[in-house]
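A single chain comes next, written as structure tokens; it is the form predicted on its own.
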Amino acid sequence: MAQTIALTRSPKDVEKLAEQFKALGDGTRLSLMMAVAAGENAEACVCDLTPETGLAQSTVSHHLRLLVEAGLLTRTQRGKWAFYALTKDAQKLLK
């Protein structure tokens, strides 16, 4: 069953949602979100995401940082690698 965006959201909620949609408005970031969603436990390492894009690791990290700042991904450090996972907000948007 599809959910719709409630029209009674607070201005703060609307601003947050606009920031999330802006972050997803870039094709590279949307592809990265879908790749993370497809990963085991909806999680992926930056080392696995970089080859898929054909971009430099620094560029991929930049896009991932913007998704974290928008509240769509979380980042955890494991040794030298960063792992990204979907937030609950992202899971709702991608349903």
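For every residue, the number given is its place in the sequence shown, counted from 1. Model, not experiment: these values are computed from the prediction.
What comes next is about the form predicted in complex with the DNA, which does not appear here.
Proximity of residue 28 to the DNA in the predicted complex falls within the 4.5 Å heavy atom cutoff. Not displayed here, the DNA is approached by residue 81 to within 4.5 Å at the level of heavy atoms in the predicted complex. Among heavy atoms of residue 22, some come within 4.5 Å of the DNA in the predicted complex. The closest heavy atom approach of residue 75 to the DNA in the predicted complex falls within 4.5 Å. Applying a 4.5 Å heavy atom cutoff to the DNA in the predicted complex picks out 58, 59, 61, 62, 63, 65, 66, 75, 79, 80, 81, 82, 84 from 58 to 95, in order along the sequence.
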